[in-house]
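Below you'll find only one chain, the form predicted alone, shown as structure tokens.
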């Protein structure tokens, strides 16, 4: 019998065709999930968690806060591939919150009503989903948020990078590149999201510690979309004759901002972001022409969706682990960017991925 994989939207259920790609072996979970996909270090922290073992295979739900960019598309494709090839997963049900906090809460309640064994979630708001995840836990459903943090720790296990540490690290590197009395623009992802909020707090701390007088011209939401960031940056260029740097937690925003500068015939400037192929390719093309152009990027692996599913399955089988599974991401600078840049692939690819080139070409 063929495994069910469903993608649910507001008023419809759409079947999804899958691309089968070669996968990897995951090492056993324990107090520290030391090595995993692409040899990334994943460190366990926090309390030890476990639930009574259930008999599989299991029905897994995934509440995706929105699906509006290529990172989400890649994470979802990797998850579907992994679910298709995992004998412990009988069904994967994917619901899309479409950027609406209220809808996402309703989506999670709908998954609960379908009696799934586990719910994975990327929250639109780490605060808004906390009560419904607590409700799911009380109903005996394993809850595994990933990528974006959830407030209060009301879940079984979280997998992702630490946005506050990433923000601090990129903010510190950006501050080194900036002159005193610098003026910078900062980009948000989805308005109010917990990931950018934590990252921006870390960056501001780094700015303060630098001792430089750094003025924030604006903190603008770009929904992690390149085109939107380009429009915002063009408006800022028109309003401000001096912009010395850009802080962002997303490479799409970084690329859009730099393209706006190019269109305005302005020099390129220091920028932060992640492993978005577009910003890596742009830096490769233009950095020799712009002496002040620098990148401080930290990857956000798309394969964490797969690890989240493996965590859910391991918990359902009665294994114990630490509640926080923190990925140690890759730092990308002018010294090593060519190791991650994929010049033969589209800009929208995030390069810290387990998807094959063939799968990426089909996806894009």
Partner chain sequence: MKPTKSFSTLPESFNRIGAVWFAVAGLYALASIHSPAMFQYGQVLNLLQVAAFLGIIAIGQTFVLLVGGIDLSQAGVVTLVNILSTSIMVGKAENIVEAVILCLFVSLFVGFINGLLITIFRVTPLITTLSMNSLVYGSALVYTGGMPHGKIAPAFEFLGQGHFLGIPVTGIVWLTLAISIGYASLHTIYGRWIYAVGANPQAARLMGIPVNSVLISAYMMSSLFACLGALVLTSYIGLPSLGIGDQFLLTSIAAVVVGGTALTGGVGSVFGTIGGTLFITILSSYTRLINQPIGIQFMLQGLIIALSVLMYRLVQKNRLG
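In this text, all values refer to a predicted model and were calculated from it rather than measured experimentally. Residue numbers count along the first chain shown, from 1.
One more form of this protein, predicted together with the partner chain, exists but is not displayed; see below.
Three-residue candidate spot 130, 137 and 149; no residue lies within 4.5 angstroms of the partner chain in the predicted bound form by any non-hydrogen atom. When contacts are judged by a 4.5 Å heavy atom cut-off, residue 288 does not count as touching the partner chain in the predicted bound form. Taking the partner from elsewhere, residue 165 is found to have every heavy atom lying beyond 4.5 Å of the partner chain in the predicted bound form. In the predicted bound form, the partner chain sits within 4.5 Å of a heavy atom of residue 238. When the partner chain is considered in the predicted bound form, residue 220 lines it closely, a heavy atom lying within 4.5 Å. Screening 70-78, 100-108, 153-161, 120-128 for residues having heavy atoms within 4.5 Å of the partner chain in the predicted bound form returns a single hit, 70-78.
This chain appears without its partner; in the predicted bound form, the one residue of 82, 89, 178, 232 with a heavy atom within 4.5 Å of the partner chain is 232. Contacts with the partner chain in the predicted bound form, taken as any heavy atom within 4.5 Å, map within 341-364 to 346, 347, 363, 364.
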